[in-house]
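Encoded as structure tokens, the following chain is the form predicted alone, with no partner shown.
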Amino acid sequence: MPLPLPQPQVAIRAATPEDLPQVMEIESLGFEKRWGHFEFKASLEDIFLVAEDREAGRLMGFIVACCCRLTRRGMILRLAVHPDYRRQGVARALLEAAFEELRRLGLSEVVLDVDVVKGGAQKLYEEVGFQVAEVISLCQEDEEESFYVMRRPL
């Protein structure tokens, strides 16, 4: 029986402009409706964290969140993990790091939306404390055009 491969060490840090080419590559592997360079560059002003595999010298995934201090609410805008690193705890580590940043800013809640058809993502979000707050359907006949709004206290 072969020995299991060692899990990479996840190092979470703030994204930099130099990370954007790898971020956009990960984005292209995970989303049909993609953000462009401009959206990611603008997000460097928000909470934009990357998970890095330092041994391999590459990014494993990223998360982008923003905050509204008036409502004391943060919002997860984007979360993606490179296919080579999925199911290894990278998304969970990114979420926990974002929660910590949002708490540090004095926020009390975080929200996100997830497509109804993305059951794996919804399961992960529920495991880290999110609950479905509402279902929004853009087209009654098409489940692919529906998404959940999920909330979690910080």
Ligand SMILES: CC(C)(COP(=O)(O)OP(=O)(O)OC[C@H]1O[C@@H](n2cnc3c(N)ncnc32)[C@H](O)[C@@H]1OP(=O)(O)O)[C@@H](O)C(=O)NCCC(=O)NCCS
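Quick note: we count residues from 1 along the sequence shown, nothing fancier. Remember, predicted model here, so these are calculated numbers, not experimental data.
One more form of this protein exists, namely the form predicted together with the ligand; it is left out here, but the text below deals with it.
Practice problem: Answer yes if any heavy atom of Trp35 is within 4.5 Å of a heavy atom of the ligand in the model of the complex; otherwise answer no. | Solution: Trp35 lies outside the contact set for the ligand.
Quiz item: Does Arg69 make contact with the ligand in the model of the complex, using a 4.5 Å heavy atom cut-off?
Solution: Contact check for Arg69: no, nothing within 4.5 Å of the ligand in the model of the complex.
Practice problem: Classify Glu45 as contacting or not contacting the ligand in the model of the complex by the rule of any non-hydrogen atom within 4.5 angstroms, answering yes or no. | Solution: It does not: once the ligand is placed as it appears in the model of the complex, Glu45 has no heavy atom within 4.5 Å of it.
Quiz item: For Met75, is any heavy atom within 4.5 Å of the ligand in the model of the complex, or not?
Solution: Heavy-atom contact with the ligand at 4.5 Å: absent for Met75.
Exercise. Choose one stretch from 49-57, 101-109, 36-44, 114-122: the one whose residues place a heavy atom within 4.5 angstroms of the ligand in the model of the complex.
Key: Residues of 114-122 come within 4.5 Å of the partner.
Quiz item: From first to last in sequence, which residues of 90-105 have any non-hydrogen atom within 4.5 angstroms of the ligand in the model of the complex?
Solution: Residues within 4.5 Å: Val90, Ala91, Arg92.
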